[in-house]
Every structure is written in structure tokens, then in C-alpha cells.
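A lone chain, given as C-alpha cells: the form predicted alone.
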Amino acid sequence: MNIAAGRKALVTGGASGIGLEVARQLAAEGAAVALLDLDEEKLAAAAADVGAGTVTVRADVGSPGQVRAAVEGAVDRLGGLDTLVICAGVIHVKPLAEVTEADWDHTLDVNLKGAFLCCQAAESALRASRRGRIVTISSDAGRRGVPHLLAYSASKFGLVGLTESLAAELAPSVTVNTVCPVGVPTTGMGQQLLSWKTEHTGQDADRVLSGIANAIPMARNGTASDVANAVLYFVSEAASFITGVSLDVDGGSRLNTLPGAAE
């Protein structure tokens, strides 16, 4: 039996990267899926990728009015809503002295305010389903502060707190959990970080990626599928008694290692 059979899911940031992979897996597991994103052309391409019947709704997640209209549209076209996956996110890499107010505001608007607005707009439908699921995508940078990722880390730490607060408030009709992945080089955000690292180390991309993988106990870089697999678990009935959890999908990167002992 497909683990998402009969589910009605809205995925923000669904036109690319982790959001698109989550949508693919939800659809493959029997869910009806709506994609929310800002770029209409990418939305159309993503819908064709995910499969026939995929719904698209365009919105800037930082705009309360656009979010409400998009969620209402998704609920109407799906015939309800029981699953919300928050994947929309942005990043910039700058030292403290170079971060502008606009940089800060945009990052917090998309990554944290946007998550709040989407959850708020979807609350009624999720509660009404009596089997609601919210899964947010935080980051390893939402568990440990990272230099040059000040606004991003702040937003992702905030997302963990928002997830826990919502989990307490929306139980028992909705579970709320978050996934905290290590960087995924194949996504747009991952490519942005990879470009910055190659520029600042003077190494080519393959060498940078190899160095990152060597620092991960599981000895490889993360993939969008790794993250989507965790999301699908939280959506499944197997996770019906799990809420308020932050799950690290990082290949063990958070673990301490013995200095000098690496092979």
C-alpha cells in the first residue's frame, strides 16, 4: 500500500530542489499534490514532472494575502488539505559587516515568516482533516550556528522553534515535525554554496565536494531524496505518534570525531 494514499498535500518551494523531490515522492506514494512557488514557468515544468493532476498555485510566501489565496485555491482544487510541507527557502553568504537590512529581511521573510503564514493559512483545513501533517525543512545550520550564514541560521533556528510551538498547539489533530538536512549540492541553494566555496578556496567543484563528503561520517554528500525520504516518513501513518521532532538528515555530520583518527 502506498504510504501517502489518499493524502492531499501542498508543497511550498515545490518547483525545484528538495520541494520538487518531495512532491515527486508524495505523488508516487498516492498523494494528490499542489505545488506552491513564485515562478510560473518553473511551476508548469514541475507539475509536468510530478505527473498528471498536479495542481499549481503561485504565491510569494512572504505576502499574507498571496499565501491565503494560494492555500484557499489549493484546498478548493484538491478537495481539502491534510499535508503541508514547507520547503521554500533562500540563502546568502556574507560576513556580518556586509549583511544589509534587505538581505536580512528577505531571508527571514521567506524562510521563517513564510513558513508561519503558510501554516496559519492551512490550519483550518489541516485540523478539519483530523490527520493533519506539517513538515518543515530546517537545516544543519538550524542546529549549529554557521559563519557567513547569519540570517539563514537565524531563520532555520527559528523554524525549529516554530515547529515545536505548532506541534504543541495543533495536537492531536495535526503533527508538526522538521527535517534538518546537511547541504544538498544538487539543489539551487546547494549550487550557490558550492560556487561560494570554490571561489573562496580556489579549488574546483569536484575537490570541494570530495572534501565535504570526506568530513561526513557516511562518506558522501546528501541528496534531495535523502531529505524527501524523511519527509515521507513524517507524513506516513507510521509517524502518527511523533510530533515536535527535529530530525537530522546529515550522514552523522553532527557527531564528534576523534582528532587525527580519520582514515
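What you are looking at is a predicted structure, and each value in this text was computed from that prediction instead of being measured. Heads up: residue numbers just count along the shown sequence, starting at 1.
The discussion below concerns the form predicted in complex with a small molecule, not included here.
- Residue V90 is the only one of V90, L112, L170, V75 with a heavy atom lying within 4.5 Å of the small molecule in the predicted bound form.
- The contact residue chosen from S246, S16, S253, T243 relative to the small molecule in the predicted bound form is S16, the criterion being a non-hydrogen atom within 4.5 angstroms.
- The small molecule in the predicted bound form comes within 4.5 Å of a heavy atom belonging to G188.
- In the predicted bound form, the small molecule lies farther than 4.5 Å from every heavy atom of G132.
- Looking at L38, you'd find a heavy atom of it within 4.5 angstroms of the small molecule in the predicted bound form.
- Though the partner is left out of this view, V184 does reach within 4.5 Å of the small molecule in the predicted bound form, counting heavy atoms only.
- Contact annotation: the small molecule lies within 4.5 Å of heavy atoms from the stretch 53-61 in the predicted bound form, the single such stretch among 53-61, 24-32, 229-237, 202-210.
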